[in-house]
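Taken one at a time, structure 1 and structure 2 that follow are two forms of one protein chain, written as structure tokens.
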Structure 1
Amino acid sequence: MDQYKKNKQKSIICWVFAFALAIFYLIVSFMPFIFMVLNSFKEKFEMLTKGVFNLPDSLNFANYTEVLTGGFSKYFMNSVIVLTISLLLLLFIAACASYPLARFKFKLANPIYAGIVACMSIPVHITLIPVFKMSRATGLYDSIWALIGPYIAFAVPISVFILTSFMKEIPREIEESAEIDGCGKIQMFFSVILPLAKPGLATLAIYNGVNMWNEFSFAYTLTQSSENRTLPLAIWEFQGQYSMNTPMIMAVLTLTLLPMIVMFIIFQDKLVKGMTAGAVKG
């Protein structure tokens, strides 16, 4: 009985310690966001006169109104179009490449997989000039369509690496049962493998979606006119336009961050499943 009480006390202490660490991590993580949102409602010089950590005197929506009427929606729609098309094509290409690498046995499987994984080590910045020349040669320069190709190309290696490992954990008994029922390889891919790989695809969608949403280098190099630029460049341009109006910059950052938060809330359950898939066998 004494041993049971000691174990129970240790368990309670461990849970309290873990809970305290979780609360601390939550506070540290949310403080920048809360700081950004609160200051976005302040007047232009209110941060300078009353401190950056004080609550706003009133909820000033003029910052958001001016940002939304100042061309923000144009940048936002460009980012949404590029992100949607790039993600859909990326997930389809990664799934088509991962399926044979994970489920088929052929001599070139390992060399092809190693070559794809090796592409993860290529720095993005050394490709800016070649990609810039290529976009000029194809007539895609200074358009949102010039961003889709590079976004997909640089996201394919990590996506294939993750999705191949995920598909390898799918039980082969399911595939064998489908083959007995007369299911072909293509039908198997669309009817069996893809539905079972939804958690992995959701993980890739969130991971690559955040990277594409925040990407700056290619967007800055391959676009020139303001009507073809994306949200990271909007932040850059708004910062130059409202350099002395910090609450306005905070409003721009808040509006830019909200779609990613909504996306994470919608797909958070699939993200957790995708990250923990294969951790437990049996």
Structure 2
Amino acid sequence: MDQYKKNKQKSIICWVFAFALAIFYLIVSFMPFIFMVLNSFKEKFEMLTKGVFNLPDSLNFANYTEVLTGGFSKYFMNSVIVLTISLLLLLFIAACASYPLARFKFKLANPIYAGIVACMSIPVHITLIPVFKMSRATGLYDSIWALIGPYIAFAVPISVFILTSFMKEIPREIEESAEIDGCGKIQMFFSVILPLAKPGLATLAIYNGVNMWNEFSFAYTLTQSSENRTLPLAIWEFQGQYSMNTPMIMAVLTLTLLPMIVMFIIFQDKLVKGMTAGAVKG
């Protein structure tokens, strides 16, 4: 009984301590976001004279109205289209590639895996010129379709790397029992491995989704007309040669970020829960 009490006490102390740290980290994570939002309500001169870390004089939505009445909705749609297509294709392709690398025994598996890790090391900027040439040659230049190829390709190595390590953790027994039921390799992928890899896929969706959503270099090298731009370029209208309108940019960035938070909430919650249920069954 004493031991139990002691443990209980210890556990409470631990939780209190953990909560204190957690809340501290919560503040650290949240502050910059708060200030981004706060500054988006200010006027340019107000922000500079009163300081970035002061509360705005009033909740002034003028910046938001200006942003939203500009090209924002077009950029937004472009970003959504690029993101959806790229992400779906990426997840499928990466899952396909990870499956044999994680679950099959064949001699080339290790060299291929190593090759993919090597592909992770490519500095993205050096690919701008070749990719630009390709998009010119294929006639995709200056359309959002030009972005999909590179977005997928440069997310593939890291995705395969992550997913392979996830799939390796799936217990052999599950596969073996399905094999006894006469399940072929391809069927195995779709009906056993893919569902079990959901947490890994969710991680990838979140991570790559964020990257694609904020991607900048390819977006401006491969497009030029304003109707083909994606969201990260929306800040241009407020960035001049000599100065920029920071509160306006903060408004754009806040609006850019909100959909990602929503996406995170949906993905994170659904997929982690689904997975736990599946594991219990297994």
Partner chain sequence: MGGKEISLEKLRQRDTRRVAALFLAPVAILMAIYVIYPIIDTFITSTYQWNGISAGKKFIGIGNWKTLLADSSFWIAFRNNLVIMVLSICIQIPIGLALATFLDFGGKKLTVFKVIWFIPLLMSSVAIGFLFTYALATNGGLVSTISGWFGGGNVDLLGNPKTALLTVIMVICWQFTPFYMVYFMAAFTNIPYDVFEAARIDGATRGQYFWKIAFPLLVPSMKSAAILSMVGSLKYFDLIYVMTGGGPGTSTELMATYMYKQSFSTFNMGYGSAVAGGMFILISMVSLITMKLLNGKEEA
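Since we're looking at a predicted model, the values are computed, not measured. Between two forms, the rigid core is defined as the largest C-alpha subset superposing within 1.5 Å. Each residue is numbered by where it sits in the sequence of structure 1, with counting from 1.
Form assignment for the chain places structure 2 as the one matching the criterion, namely the form predicted together with the partner chain.
A movement of the C-alpha atom of L233 falling short of 2 angstroms is seen between structure 1 and structure 2 when the two forms are aligned on their rigid core. When the core is overlaid, the C-alpha of K44 ends up 6.3 Å from its other position between structure 1 and structure 2.
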